[in-house]
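Given as structure tokens, the chain that follows is alone and in the form predicted on its own.
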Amino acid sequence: MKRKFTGALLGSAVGDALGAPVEGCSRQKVSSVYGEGGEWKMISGRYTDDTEMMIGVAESLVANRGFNAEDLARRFVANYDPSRGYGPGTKEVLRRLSEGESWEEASKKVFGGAGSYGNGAAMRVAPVGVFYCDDLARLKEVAYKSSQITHSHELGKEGAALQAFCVALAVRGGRGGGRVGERRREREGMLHELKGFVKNAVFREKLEKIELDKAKTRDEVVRELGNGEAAFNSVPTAIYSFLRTESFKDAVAFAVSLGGDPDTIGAMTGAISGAYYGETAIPKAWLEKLEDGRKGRRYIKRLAEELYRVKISL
């Protein structure tokens, strides 16, 4: 179980760092950088805002032994490093928070008052998924509230909740390994639960396009599920990338190969896959290349282990 916690957080960071060098690139450009079907090598190992904000979520859950919105908002501001590639909406919200606006109101002021429906809340939600893996009602509540800090639009919140729920299902699944047929039946069950979880019609329509008995081409995935920054054009894509493959490596490589927003889709796929397969399934070469500064690889692992210890002590 502890390896699933470390797998989810490290997997998220690895997927983020693998996709970061090709962020905003076409599928064809990604192919020219990483090649087709060969051994993918981590280029720089530096993570983006996806991982920096995920670290903040985990730190806050550990420090408060659960969710505390005010503390989380403060940590987002304290951890903020503009060189990590934050989007304009999140930058504006963090500025407002730093000037004293409440976490409940700051995100409502962006995008003409509509709030953001980007994937910025979903990309960082892995710690919520593992921590509340056995409490669905609380998981959804915390996913929505943690999203509210920066992404107040219903679609942004629903995307975060759906991603957190998929991570939770992954934590609870795959513990016995199992044969391919057994894993397939388990994933069919996961997809059924995910479809039952979502209430928003936009996400429900996307999930209905996922068919495990039919492998989609990359062009079909981009066209039907998306590869962009909107939560509804990336969370279902990350889920599909996990469901269609049989290893952490294949899932994350497929997610990044789609282009568009590959660091975030890679991070979300890495979180789900890491939670399912565990830390030991992450390619060693990728993990060793992940940056290891003050809040790098070893810090993320210790943070995940501490999150696990807090969880089992409650």
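Throughout, we count residues from 1 along the sequence that is shown. Model, not experiment: these values are computed from the prediction.
The same protein also has a form predicted together with a small molecule, omitted here; what follows describes it.
- Each of Thr90, Phe111 and Gly118 places at least one heavy atom within 4.5 Å of the small molecule in the predicted complex.
- Comparing 39-47, 25-33, 279-287, 263-271 against the small molecule in the predicted complex, the single stretch with non-hydrogen atoms within 4.5 angstroms of it is 263-271.
- Taking the partner from the other structure, the small molecule in the predicted complex has a heavy atom within 4.5 Å of a heavy atom of Glu229.
- For Gly196, no non-hydrogen atom is located within 4.5 Å of the small molecule in the predicted complex, even though that partner is not displayed.
- The small molecule in the predicted complex comes within 4.5 Å of a heavy atom belonging to Gly85.
- When contacts are judged by a 4.5 Å heavy atom cut-off, His153 counts as touching the small molecule in the predicted complex.
- With the partner removed from view, the residue among Cys166, Met123, Val128, Ala238 that has a non-hydrogen atom within 4.5 Å of the small molecule in the predicted complex turns out to be Met123.
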